[in-house]
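Coming up is one lone chain in structure tokens, specifically the form predicted on its own.
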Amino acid sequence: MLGNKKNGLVVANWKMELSHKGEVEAAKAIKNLSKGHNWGNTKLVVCPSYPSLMAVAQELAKVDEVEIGAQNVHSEDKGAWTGEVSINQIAPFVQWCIVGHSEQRKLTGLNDEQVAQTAVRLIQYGITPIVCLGETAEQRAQDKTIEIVTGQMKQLLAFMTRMLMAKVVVTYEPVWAISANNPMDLPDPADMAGTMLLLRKIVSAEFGNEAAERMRVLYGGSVKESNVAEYVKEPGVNGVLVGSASTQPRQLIEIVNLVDGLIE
């Protein structure tokens, strides 16, 4: 079960790193730098902050193989949720949305059930959820990686049908490997691929081999130009979720080039 490599994906999560002006300038640079590239197997998804969604979407509207995503969203359509943003508010601007990123889980107490419910709601709006899962440093030290990611994946599947699951992207992002956590080391690529194979086996047990093979699985965690090939060349890896490196347009475009070159 190696996945469909032709569905290559690079997701740029800008987090809160850039100002509005900086995000618009980055989008303009991506538009210019992407000219002449033919990413036949790979799509780039740019996820700016909420205030810049419209401007970045407009800037990149005519760039082939580049689409817009949101970094997070609330599961409710409306309500007394001060400071939150609903799916119908982002729907005019995005085709993708990150769900369950570890930073949101830590900040808001977001749990696996809420992540799964939000993923279902996004699909109902025609938006592809990019669901993040992964273990913390403490869980890793306790040798609980398999237990944690298995539980997260099974909770997601509890809310899915075979047809819904075909519209979900899963990102394995070990919390301890995120650049903001200043990791001492990064996952061994073979170990990462083994975890991704486990995720596919869980899906296969629930919905069959075809569903498991079709599922797109990304790796996230301190991804940059110098290490992306080590991860994407492993079997079953469809692409990457990129954090801080994605705010540098030249490095981001080079990451997409490298991923596309490894996707067959």
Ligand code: PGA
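In this text, residue numbers run from 1 along the sequence as written. Note that this is a predicted model, so its numbers are computed, not measured.
Below, we refer to the form predicted together with the named molecule, which is not included among the displayed structures.
- Residues within 4.5 angstroms of the named molecule in the model of the complex, judged by any non-hydrogen atom, belong to 96-104 and to none of the other stretches in 158-166, 133-141, 81-89, 96-104.
- Taking the partner from elsewhere, every residue among 173, 221 and 244 has a non-hydrogen atom within 4.5 angstroms of the named molecule in the model of the complex.
- Taking the partner from the other structure, the named molecule in the model of the complex has a heavy atom within 4.5 Å of a heavy atom of residue 177.
- Residue contact with the named molecule in the model of the complex: residue 20 places no heavy atom within 4.5 Å of it.
- In the model of the complex, the named molecule lies beyond 4.5 angstroms of every heavy atom of every residue of 48-78.
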